[in-house]
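In the structure tokens that follow, a single protein chain appears in two forms: structure 1, then structure 2.
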Structure 1
Amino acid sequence: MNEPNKTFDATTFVKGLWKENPVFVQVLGMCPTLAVTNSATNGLAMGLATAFVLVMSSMLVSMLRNFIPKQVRIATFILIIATFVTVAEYLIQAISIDIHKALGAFISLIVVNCIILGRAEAFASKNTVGKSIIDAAGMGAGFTFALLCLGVVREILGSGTLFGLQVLGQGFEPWVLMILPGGGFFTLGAWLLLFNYMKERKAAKMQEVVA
């Protein structure tokens, strides 16, 4: 997925998607990650909503970064984020009541997703608008990707479907566990395990090369 075109912006984007993936690597924003990923659709919708808020608030924070005094920056960031979350909530309702129902309170809870405040504080308040948007988009994409990873696994095993379409034969006995809260914990745990395992393998290989 990494094109040879290695401009700074491309790496910024890819960084959020993979190397510094907010869920799998930084272990941030766990609540929505676990709560809404019982189907791929919900995961995708939540990921996109978060990405939307992330990009918009990063953009605004970056635009206003010279206008906001340091002392009140957190307060203004929260204000800005809360605004975009409210906007997102109304937009989702306008698009589909069903998705809004499925995501429930977790749309509102995007406000307290530490990824967004974290990016505003760590990146957008110090960088230009363009870079901030790309960074936010990368992180948003990474978050969406992670949610999709969980949603896909949980939906396929838990319901035998993917995006609502039957993918495993009719006779398939769904593993209800996967769409229960416990399944959420297990699936995320398993994904982290996989990431740890790959990291270990890579580290071991690096050592072999050195040795």
Structure 2
Amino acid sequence: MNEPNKTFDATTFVKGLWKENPVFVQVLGMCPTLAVTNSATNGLAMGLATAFVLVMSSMLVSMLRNFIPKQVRIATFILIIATFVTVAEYLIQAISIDIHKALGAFISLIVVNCIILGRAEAFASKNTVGKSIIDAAGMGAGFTFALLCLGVVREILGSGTLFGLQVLGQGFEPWVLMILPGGGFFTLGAWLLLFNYMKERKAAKMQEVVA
């Protein structure tokens, strides 16, 4: 009797991580994706902060969904999200002042991240707490994965390091462009190209199987 629910839960989580990845598939949250991924550490920190806000706000929205009047639901969602963004900002500041300074205003801008408000409106406000947490965790993991992918590539090519550790040797000449804004666009474009190629290849194989 519980098997269908387990299958649904797994599918709900995985879709945010891969099939409906917020960055590589839905192309959402571009502002932090391009702005803070000049290093793997910054990308990971922003991803985890966003995932925390996403999970906690989705959980609370789902818990209160039957008590929030439809006329003020968006304003209420934003208030809930802003509360957890404040918590996340204080946590980052307590853990590492350097990371807090590096992320800067983009921590506060999590409030207007369309991924979070979108999941609150489209999923959490219509589903149970358990399902909402799993959906938010999947989307948060997918967003973190995407930021980490960009951060790793940009830091290695732009500085020759990974999480601050030298990986390409002293003789490597850093590609300074990669840690500049333009490098974010180039790296994102390359990842989107790879994801679209993999998606089309998978679709072609499925058509061959059906044929």
Partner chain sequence: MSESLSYIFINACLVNNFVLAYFLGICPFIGVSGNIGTASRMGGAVTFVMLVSSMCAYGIHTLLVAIDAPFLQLISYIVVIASTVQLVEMIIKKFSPALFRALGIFLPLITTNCAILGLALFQTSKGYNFLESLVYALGAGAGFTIALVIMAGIREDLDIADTPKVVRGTAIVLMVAGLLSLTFMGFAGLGG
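Here, a residue number simply tells you its place in the sequence of structure 1, counted from 1. Computed from a predicted model, the values in this text were never measured in an experiment. Definition used throughout: the rigid core is the maximal C-alpha set that superposes within 1.5 Å between two forms.
Each structure shows the same chain on its own, and structure 1 is the form predicted in complex with the partner chain. After superposition on the rigid core, the Cα of K19 moves by less than 2 Å between the two structures. Once the core of the two forms is superposed, the Cα of K202 has moved 2.8 Å between the two structures.
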